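Quick heads-up: it's one chain on its own, the form predicted on its own, in structure tokens.
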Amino acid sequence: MLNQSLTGSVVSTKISPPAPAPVINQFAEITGHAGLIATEFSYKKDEEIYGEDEPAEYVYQVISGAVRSYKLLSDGRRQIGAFHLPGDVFGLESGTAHRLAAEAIIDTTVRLVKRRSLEHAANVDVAVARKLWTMTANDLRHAEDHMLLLGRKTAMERVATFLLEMDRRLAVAGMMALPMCRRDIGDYLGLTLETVSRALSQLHSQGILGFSGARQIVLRNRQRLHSMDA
């Protein structure tokens, strides 16, 4: 929650996954063009940024680190809806409250802007409204893809889809350093920790990926992964 985090480091004051890379520029363009004031907050590992059903008063962008948005089910299980990486915008809501909670996966810095200011800018500037609509449409597309993944894909297909997504968003010099742990991955894919570990080990034994450290992965055969993801 924001109020709880005001005791953290505060300084005054881009992108998304490669496919919607313009989102980063769009968010910067919106704040700059509309003359909005953005503020940066730092959160420690596992610190809550906002809780489920809390008022959606701000829109956020990850500057560094990583964020998970999730919902706790009635039986105590956790379903992660999305991972937000540097440049990603999150916290956009259709209603007045957050449908999911958001936490920092690792030490994370975010930029935030008051939602009311964004809405006012959209009311008076068609270009701002269009950019906000594009960001919202990207969120909807991700939610639809995630629903398909959970409902129709096998465990191995889900892991393959996840690795390809992270490869697009994180890979540097052929290697991706995952900020999230395997339990997070399982809660995102609707799988147990053991199933995720078993799938990764199987892909490693088949020469499809390699490990370099606990969370550093090199994809050696993307074509095989794409065939599983089809």
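Start at 1 with the first residue shown and count on from there. Because the structure is predicted, anything quoted here is derived from the model rather than measured.
The same protein has a further form, the form predicted together with a further copy of the same chain, not shown here; the description that follows concerns it.
K.L.:
Tell me, out of 150, 112, 156, 106, which residue has a non-hydrogen atom within 4.5 angstroms of a further copy of the same chain in the predicted bound form.
P.N.:
Spelling it out, the residue with a heavy atom inside the cut-off is 150.
K.L.:
Considering non-hydrogen atoms and a 4.5 Å limit, does a further copy of the same chain approach residue 79 in the predicted bound form?
P.N.:
Residue 79: contacts a further copy of the same chain in the predicted bound form.
K.L.:
Taking a further copy of the same chain as it sits in the predicted bound form, is residue 88 near enough to touch it, meaning that at least one heavy atom pair lies within 4.5 angstroms?
P.N.:
No, residue 88 sits far enough from a further copy of the same chain in the predicted bound form that none of its heavy atoms falls within 4.5 Å.
K.L.:
Does residue 190 reach a further copy of the same chain in the predicted bound form if we count a contact as any heavy atom within 4.5 Å?
P.N.:
Because a heavy atom of residue 190 falls inside 4.5 Å of a further copy of the same chain in the predicted bound form, the answer is yes.
K.L.:
I'd like to know if residue 100 sits close to a further copy of the same chain in the predicted bound form, meaning any non-hydrogen atom pair within 4.5 angstroms.
P.N.:
Result yes; residue 100 sits at the interface with a further copy of the same chain in the predicted bound form.
K.L.:
Tell me, please, which stretch of 35-43, 197-205, 182-190, 163-171 lies within 4.5 angstroms of a further copy of the same chain in the predicted bound form when heavy atoms are compared?
P.N.:
Of the options given, it is 182-190.
K.L.:
Relative to a further copy of the same chain in the predicted bound form, which residues of 121-159 have a heavy atom no more than 4.5 Å away?
P.N.:
Counting only heavy atoms within 4.5 Å of a further copy of the same chain in the predicted bound form, the contacting residues of 121-159 are 122, 123, 126, 129, 130, 132, 133, 134, 136, 137, 139, 140, 141, 143, 144, 145, 146, 147, 148, 150, 151, 152, 153, 154, 157.
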